[in-house]
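Single chain ahead, by itself, as structure tokens, in the form predicted alone.
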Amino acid sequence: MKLKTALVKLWAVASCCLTFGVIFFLFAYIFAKGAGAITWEFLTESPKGMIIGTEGGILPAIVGSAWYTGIACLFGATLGICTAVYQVYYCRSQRLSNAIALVMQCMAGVPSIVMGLFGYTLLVLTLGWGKCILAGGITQGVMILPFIQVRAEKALREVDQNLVRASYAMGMSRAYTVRRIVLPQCLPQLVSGVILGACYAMGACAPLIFTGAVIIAKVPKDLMKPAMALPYHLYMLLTQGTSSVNAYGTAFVMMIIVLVTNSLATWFAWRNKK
């Protein structure tokens, strides 16, 4: 028994070390390759050059990614949290609840490229929006919807039910209880889930290829116009094979944004648990 326990512990420690080692190597490699390409001009100018991206910067791509991600979070978080609230506190049919869970599981398993085709067919062609920021953001919002809903449902189910029962015993309505007691109790988990969903959307390229991203554009100011995006810009630089330095610089900027947002999510959750 002691030998088995020791082997299990050794296997667990070795797996953790291997995982952290791979992640550290990946981050260190990108940082080493991309940090040298970061200049003030790279962060504040538009792409230039005879072959787009070999000169200039990535400011339109940074702003475009912020627009896409913001719309995705607004759309995905609204539907995801509302679905979770309905499933936990309003749904009285077990079959319906199971059906919602099944739909979310199926959506979570849909490849991002298929989400892009869905957004292209519905938003770009059927509704006639064309390639634009709004179409890309909503498509990404559908993509991260199950990601947010599952975490929101888990957070809602972990709320102390004694507080809920006490609210009902005092004559408070279900809507008041959810709004004033339940949601404030699980706000850190909800915010963390939305921020992690934003990181997921920030790095997704496939949905934007069909719905909103373009190779070159100015800093976006209109939601009904297409815009650049960091993952799509990185994809184009790598497939063209013309500027590996700028490609690593773009990847470095994306990783910094993801690290900062994840750190903010962790800090916010820790701060509100105290």
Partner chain sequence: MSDAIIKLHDFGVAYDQKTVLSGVNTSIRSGRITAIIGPSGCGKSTMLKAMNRMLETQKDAAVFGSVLLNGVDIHTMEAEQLRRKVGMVFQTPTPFPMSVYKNMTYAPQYYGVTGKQELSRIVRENLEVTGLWEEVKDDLNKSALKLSGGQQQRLCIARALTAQPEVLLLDEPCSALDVKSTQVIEELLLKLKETYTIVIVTHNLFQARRIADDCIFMLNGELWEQNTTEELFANPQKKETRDYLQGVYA
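Remember, predicted model here, so these are calculated numbers, not experimental data. Positions refer to the first chain, counted from 1.
Heads up, the form predicted in complex with the partner chain isn't pictured, but that's what we're talking about next.
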For this session: Report the stretch among 111 to 119, 77 to 85, 166 to 174, 128 to 136 that approaches the partner chain in the predicted bound form to within 4.5 Å, counting heavy atoms only.
Result: 166 to 174
For this session: Examine residue 95 and determine whether its closest non-hydrogen atom to the partner chain in the predicted bound form is within 4.5 angstroms.
Result: no
Problem set entry | Distance check, residue 105 to the partner chain in the predicted bound form, heavy atom within 4.5 Å | no
Problem set entry | Non-hydrogen atom contact residue 181 with the partner chain in the predicted bound form at 4.5 angstroms | yes
